[in-house]
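Listed next as structure tokens is one chain, alone, in the form predicted alone.
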């Protein structure tokens, strides 16, 4: 029995215990980014119905299609049996987060595509008569409201799923937290808002997105605090898992890359931008997006290093 406990948990003998590489955090990051962009697109379409001025809602769905496709490629690369991926869509398991996530990912594509078509400039959409007709129908009030609801619903579902995917895996105590779903959702909203206000050209829209991103960053800080407090005040295994981020091997990466450079510093810069003390800069949104990626890498790596004693 002693031999089983000591050698079968030795990474030199059982290297497959650490099974997730770079593909999963990249997929979680891109999925969260797209989720945030979808929620923001729905909010902006509701906020400015029928506006003809240039808007990031014209571009975000097309960027989302590219990013979610890259995320799906990363997820596909991680699969052990790639030829059987189609079996995921031969059934639906209501109690399985992975099954929910697989179907949400499929539903995201038509929502993004329709939102992109609705935002096409008339000159471009009318170059092909059927496309122009569809774009005009999608811009009508009833269809627009349906698109707003679909973007927000699928965006929230996708964003929360990326966290629930980890928290449902009970073998790793660091992930055994109900805060991961909301944390990954808010982080996705923050990265989506950072990208949106980085590319926005309308001053009012840029200002609204900037203020929203600051709110998301503050909420993300609060959720990180709740996540750590919840782990540290739970059982022995969760407290040991929290120590990986509170003095353990992942402490520097977590507090410097995620909290310091990914949240606190850009929040300070964007607060100055929001009060017009400094001009708009690309530094802050780039830091926010880098922090969102670092969060996924640290949580996935530290989670796999945690264990039940």
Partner chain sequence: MNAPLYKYGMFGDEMSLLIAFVIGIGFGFFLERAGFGSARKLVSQFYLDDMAVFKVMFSAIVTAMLGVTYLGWMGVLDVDLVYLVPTYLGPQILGGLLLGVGFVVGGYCPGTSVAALSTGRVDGMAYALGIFAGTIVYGESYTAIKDFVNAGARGALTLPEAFNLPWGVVVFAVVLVAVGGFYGATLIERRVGGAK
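Positions refer to the first chain, counted from 1. Bear in mind the structure is a predicted one, so any value in this text is a computation, not a measurement.
Below: the form predicted in complex with its partner chain, not depicted.
Looking at its partner chain in the predicted bound form, residues 63, 92 and 101 place no heavy atom within 4.5 Å of it. For its partner chain in the predicted bound form, the listed stretch (64 to 72, 37 to 45, 23 to 31, 254 to 262) containing residues with heavy atoms inside 4.5 Å is 254 to 262.
In the predicted bound form, residue 274 stays away from its partner chain, with no heavy atom inside 4.5 Å.
In the predicted bound form, the residues of 276 to 292 lying within 4.5 Å of its partner chain by at least one heavy atom are, in order, 281, 283.
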